[in-house]
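What follows is a single chain, given as structure tokens, in the form predicted alone.
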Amino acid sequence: MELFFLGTSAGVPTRRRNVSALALRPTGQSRWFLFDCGEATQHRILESSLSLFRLERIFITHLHGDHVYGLFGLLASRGMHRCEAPLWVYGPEGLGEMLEAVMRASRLTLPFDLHVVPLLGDETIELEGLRVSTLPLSHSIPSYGFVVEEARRPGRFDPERARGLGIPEGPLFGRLQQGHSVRLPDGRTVHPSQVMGPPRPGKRVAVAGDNDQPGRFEPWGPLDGLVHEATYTQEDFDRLEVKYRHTTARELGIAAERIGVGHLLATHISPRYDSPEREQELVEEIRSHFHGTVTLAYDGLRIEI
């Protein structure tokens, strides 16, 4: 799976970061999915290899403006490009009313069918080659996380085993890897199971909305990738007069270690960390509790899990 970070700031944009948006594209495919759509998301899309014609699903984690205010403009632009393929938008209760109000007031009509699906937090959405599961998170308003799982992949091809069976290198190797049995010149038939290893699980990546309990992903572990907020360092959070329900770098590192995360991608960064030196404070705090790979996401980052 490819991840494209289109917005990584918390609350308000900065000169270097837009507010929350993330694209996910299955490896080797042109279709893609969008998670959250903060203000100016479509500008970041224009800077990427993503096409609105290939956007199939949008998942909104919660209805705070920095996660959803860019949705109205993106839908309008997709319509002005005359995209006619249907689009599904999933989000908390109230998203449909929000969209209806904006479309009614602005007299926006779309050339494609728009399907708005309210979430309860226990859905399993089956897509071609993928499964998206939802879970409720902990925030000041209803907020959801999504676990994206690839279908099981074929086992690895064993060329030495194939040669031992007398199969010549070339097209027959390829047919076996594609799952087809082959017939040899001496009349024997070789089946893929004879030269392929056991099926391998697909990648599993979780994407969180705002959430002050990252441990809620523990039942889904281990995870190949986790995209989760690390809004503050613990020291800065402790100094806040008003405590907002966000995760600190320390809390995220502890939870990721328990979950068993392969690659932790920290995002939703408070504007107070708008310098390399301050960003490094977040990274070091995470690494003091988590021993896997850590990346502090930034706008324009493209990464393959």
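One rule holds for the numbers: they count along the sequence shown, beginning at 1. Keep in mind it's a predicted model, so treat the numbers as computed, not measured.
One more form of this protein, predicted in complex with another copy of the chain, exists but is not displayed; see below.
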Listed range touching another copy of the chain, judged in the predicted bound form by heavy atoms within 4.5 Å, from 21-29, 290-298, 277-285, 6-14: 6-14
Candidate from Cys83, Val116, Met196, Met98 lying within 4.5 Å of another copy of the chain in the predicted bound form - any heavy atom: Met98
One residue of Phe157, Trp88, Phe72, Trp220 in contact with another copy of the chain, assessed in the predicted bound form (non-hydrogen atom, 4.5 angstroms): Phe72
Any non-hydrogen atom of Ile254 within 4.5 angstroms of another copy of the chain in the predicted bound form: no
Interface membership of His64, another copy of the chain in the predicted bound form, 4.5 Å heavy atom rule: yes
Contact of His43 with another copy of the chain in the predicted bound form (heavy atom, 4.5 Å): yes
Touches another copy of the chain in the predicted bound form: Pro168 (any heavy atom, 4.5 Å): no
Heavy atom of each of Leu127, Ala151 and Ile259 within 4.5 Å of another copy of the chain in the predicted bound form: no
In the predicted bound form: members of 92-114 within 4.5 Å of another copy of the chain, any heavy atom: Gly94, Glu97, Met98, Ala101, Val102, Arg104, Ala105, Ser106, Arg107, Leu108
